[in-house]
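Starting off, we have a lone chain in the form predicted on its own, written out as structure tokens.
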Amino acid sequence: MKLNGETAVYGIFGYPVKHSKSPTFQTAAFLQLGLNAVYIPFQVKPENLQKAIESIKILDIKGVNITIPFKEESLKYVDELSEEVRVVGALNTIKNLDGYLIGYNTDYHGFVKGLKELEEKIEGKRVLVIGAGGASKAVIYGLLKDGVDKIYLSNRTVQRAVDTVQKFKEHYRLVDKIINPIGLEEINRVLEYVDIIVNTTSVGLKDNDSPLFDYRKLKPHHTVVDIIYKKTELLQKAEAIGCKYQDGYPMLLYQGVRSFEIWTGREAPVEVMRQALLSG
């Protein structure tokens, strides 16, 4: 790769962002396709977010990913929102079209694409989603798009789960027939009714975190996904019981694949990106 006046600049905005793995696999994709482009991590302090997004236009940055804690705040500063962003209320990708910024959410695509490595067909499944934050909304959007039969949405504060249902009801009239808000204490009761379990919370990031529910109640027919980038206690128990399971790396990979394709209009070299992610 040569850096010159024709080099296209892409990047990721976050705080902190130095730990991001996106530069590794996005750069691998640019190199594989022979694109004259670089991908840079930009650590943006929260008070500078608006100026940072304005700089995309000023500096002619072609596109950026947006990560924690800016996925919701960034909506205010772009010129157009895609359908999924309007529903989910969060974006993670911005494309710069000659100074016109379009916000996308590729997290939902990443989640569904990753899940389909375990479950080829999601339609008609019953799913337990734990957590009601931004990641949860992207997961729910993807599940609804793929036609799941039932979602049990569990959160420590049940009202947040209820609010999430109301938010989706603005876009899907019958969504309250599909999503059932419950507290964490109710998880053990509904486990027998679900096929797929998804943890979207940060519980499990620390080794001494308290379990979300009684992991011994997992059954071999369960498919378990934890969007944290490690084999959490939940995934360890799932493996021991014989469940199909997955950590957060497939979601990370495929959201990045979709961002790459939005920016470049080219088919992403998925396997090259996967290998770069796993070895980076």
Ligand code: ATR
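The structure presented is a predicted model; accordingly, all values stated were derived computationally and were not measured. All residue numbers refer to positions in the sequence shown, first residue = 1.
Separately, the form predicted together with the named molecule exists; it is not shown, and the next lines address it.
In the predicted bound form, at least one heavy atom of Leu212 sits within 4.5 Å of the named molecule.
In the predicted bound form, the named molecule stays beyond 4.5 Å of every heavy atom belonging to Leu191. Remark: Arg160 counts among the residues lining the named molecule in the predicted bound form, judged by a heavy atom distance of 4.5 Å or less. The named molecule is not drawn, but in the predicted bound form it has a heavy atom within 4.5 Å of Gly131. Contact with the named molecule, judged by heavy atoms within 4.5 Å in the predicted bound form, is confined among 200-208, 166-174, 142-150, 110-118 to 200-208. Proximity to the named molecule in the predicted bound form, defined as a heavy atom within 4.5 Å, holds among Thr106, Asn155, Asn96, Ser74 only for Asn155. This chain lacks the partner; the member of Leu101, Val87, Ile122, Ala135 within 4.5 angstroms of the named molecule in the predicted bound form by a non-hydrogen atom is Ala135. The partner is not shown here, but in the predicted bound form the stretch 164-197 reaches within 4.5 angstroms of the named molecule through a heavy atom at Leu184 alone.
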